[in-house]
Ligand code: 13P
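Just one chain follows, in the form predicted on its own, and it is written as structure tokens.
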Amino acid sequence: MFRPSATFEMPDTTLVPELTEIQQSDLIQRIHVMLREKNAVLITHYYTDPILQALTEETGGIVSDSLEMARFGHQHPADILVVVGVRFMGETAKILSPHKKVLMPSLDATCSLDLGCPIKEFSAFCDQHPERTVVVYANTAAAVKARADWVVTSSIACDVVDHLTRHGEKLIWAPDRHLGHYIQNQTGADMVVWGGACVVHEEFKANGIQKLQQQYPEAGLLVHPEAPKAVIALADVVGSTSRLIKATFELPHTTFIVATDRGIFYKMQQAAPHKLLLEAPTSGHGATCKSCGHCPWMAMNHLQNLYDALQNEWGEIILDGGIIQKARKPIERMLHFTTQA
């Protein structure tokens, strides 16, 4: 496994403005109006603030995982796509719809997996294994996608890798090592794995979860495959965000311990309103905790900067045309695979 040398600082989420209920209501009404006037639509990830998820649903947008975000934006007739999530999601929307204006509440909202896989270092890594097919997770920059043969999300990663393995291909996987090792275990793939990790999912620890399970022995455990192997081993269901939401109403449990970003609770509670959802414990609390179960970059999205982005058309995703052309191929390959599977 290759260990990247990239380092990065965590964002300061204390800068998110505190709004009164009246201020929130006023901004929501104004955003409703601007979306109609500008022929714009909100495309929002499960990990964002519940207020933003509710606003997206009210205005005809989509709250979903990164795969469906990409598909929805590509197919929607809006002139402006407002991506409420992290930067790689906005870049993916622009790659698939280069003729549309793509805005984000904050262009600084990125992802530890993206930051931990810089293109120069990753490209040199790929050059060391020219015989291997390059498969990258969606949580990567546009330039990394442009270097890849395939782009996948967690919902289809195992299916794509299994397909490639059955055709005799050896692979490079990047950037999340925990997801990579999970895929290897599920498919038996011959993969060289990049050493990145998600700052949220890596904080879930097996011993803390086992202690919580002792308090709630009837609880089911839902785990995203970006979590460490020891946590995955305890799970009742391992899967993408969409799969975990589906599990909350499919499984008979009345209580669930959830080992993914707590932003997902909004949609889980919609799916199973009478069930108890518990946050899986992380490795620390307060100052000792890098994320405490919530992505600090997702937390950079809020009503005020969403309003500002729409009003002033700030936060526009701009990408080089050559990068768009190259990155579009592996993304379209992914979308085509999902329609054929």
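The shown structure was predicted, so the numbers you read here are calculated from the model rather than taken from an experiment. For every residue, the number given is its place in the sequence shown, counted from 1.
The discussion below concerns the form predicted in complex with this ligand, not included here.
This ligand in the model of the complex comes within 4.5 Å of no heavy atom belonging to Thr248.
Interface membership of Trp150, defined by any non-hydrogen atom within 4.5 Å of this ligand in the model of the complex, is ruled out. Although the partner is absent from this view, Thr92 stays clear of this ligand in the model of the complex, with no non-hydrogen atom inside 4.5 angstroms. Of the heavy atoms in Ser66, some are within 4.5 Å of this ligand in the model of the complex. The stretch that touches this ligand in the model of the complex, counting heavy atoms within 4.5 Å, is 218-226, out of 181-189, 141-149, 205-213, 218-226.
Each of His45, Ser154 and Thr241 places at least one heavy atom within 4.5 Å of this ligand in the model of the complex. No residues of 254-276 lie near this ligand in the model of the complex, the criterion being any heavy atom within 4.5 Å.
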